[in-house]
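Here we start with a single chain on its own, the form predicted alone, put down as C-alpha cells.
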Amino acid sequence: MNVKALQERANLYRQIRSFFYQRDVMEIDAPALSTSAISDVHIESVGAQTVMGERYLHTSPEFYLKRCLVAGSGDIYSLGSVFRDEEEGHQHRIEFTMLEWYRLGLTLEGLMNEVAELIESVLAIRATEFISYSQAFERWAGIDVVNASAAELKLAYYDLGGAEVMGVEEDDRALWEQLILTEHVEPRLGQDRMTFLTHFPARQAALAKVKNGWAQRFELYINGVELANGYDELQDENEHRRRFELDQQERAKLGRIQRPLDEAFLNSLEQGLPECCGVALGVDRLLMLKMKAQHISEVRD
C-alpha cells in the first residue's frame, strides 16, 4: 500500500472538485451497473452476473450523464471508477478512474482551454500546442494519412522500424494507421507541454459531430501519454443509432460479442440533447504525471 499515492490522490480529488465547484458545475454520481453495454469496436465491457441476470460495469458514465443533460441538469461532471476488459499494462488497468464533464454553450476551443486550465492547476505546465491529426502524421511519420492507402500505410510502418505484425489482413487500413499512431506519433506528442491533437478524420468521429469532413474532437497528450478525449457532442438521435448499428456490424465481422445497446439513452435523445461539449480524462494517468510514476501500479494498488 503506497500511502504517499493515497495522499496525492486525495489532494488531486480535492483540487478537481474545487475546480468545478468554482465554475458551478454539478457533480453526478453515475451508476456503475447497467443492463446495456457499449458498442465501440475497440472497447470491451466487463460483465457481471447478478440475481437479476447479466449486467455490465460501465466503461464510462457518458450515457447516464447525457441523460441527465437531456433532463435539464445543466453543466455536470463525474469522478469515479470505470471498467474495461482489456490487457493490463504500465498505463492500463481493468478498473481505473475517469473524470468526465459536459459544458453547455461552450465551444470545443473553449473546452480545450478549460482542460488546459485544469491541467495547469495540477501539473503547473503552461506551454500549450495545437496540432491537427494529419499534421502530426506528416511531421513524425512523413505520410499523408488522410489519403494514404492501406499498402502505403503498411510500407510506412515498416520503413519507420515497426516490428513484424503477423496474422492480420494486408488491406486492414485502420490497423496500419493505428500502429503508426501509437508507436511513432503519440510518443512524440506533448513533450514538456500540453499537445492537443485536433481535426480527426470523419471516420474517427465516434460520438462527435462532423463538420466539413472533420470530426469535431480532440485528444490531449503530455509526454507521450494520452490524457483526455473531448467532443463537440453529436445530438442527432438517428445518427447515434446509425453509428451504434455500424459498430455492431463491425463487431460481428470481427467475431466479437454484440451486447445490448443502451435504449434508455437512445430514447432520451428524442427529447433533445442540448448543445454541449464533453471530455473524459484519465485521472490515474494524471496522477502518474504528477508523481512522475512509470507504472499505474505506483498510483493505484
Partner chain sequence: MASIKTSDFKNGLKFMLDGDPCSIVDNTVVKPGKGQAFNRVKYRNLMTGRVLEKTFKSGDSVEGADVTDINLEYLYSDGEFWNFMDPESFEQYAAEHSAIADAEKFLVEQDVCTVTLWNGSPIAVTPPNFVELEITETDPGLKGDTAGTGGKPATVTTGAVVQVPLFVQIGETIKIDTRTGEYVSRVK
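Remember, it's a predicted structure, so these values are computed and weren't measured experimentally. Residue numbers count along the first chain shown, from 1.
Keep in mind that the form predicted together with its partner chain is missing from the display, and what follows is about it.
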179-187, 112-120, 129-137, 144-152: which one contacts its partner chain in the predicted complex at 4.5 Å, heavy atom to heavy atom?
-> 179-187
In the predicted complex, the residue from F83, Y77, F196, Y231 that sits within 4.5 Å of its partner chain by heavy atoms | Y231
Which residue, L175, V210, V225, I125, has a heavy atom that falls within 4.5 Å of its partner chain in the predicted complex?
-> L175
Find out whether any non-hydrogen atom of I43 is located within 4.5 angstroms of its partner chain in the predicted complex, and reply yes or no.
-> yes
Should G167 be classed as touching its partner chain in the predicted complex when contacts are defined as heavy atoms within 4.5 Å?
-> yes
Its partner chain contact at R256 in the predicted complex, heavy atom, 4.5 Å = yes
Is the gap between A202 and its partner chain in the predicted complex 4.5 Å or less for some heavy atom pair?
-> no
Quick one: name the residues from 197-228 with any non-hydrogen atom within 4.5 angstroms of its partner chain in the predicted complex.
-> A206, R217, E226
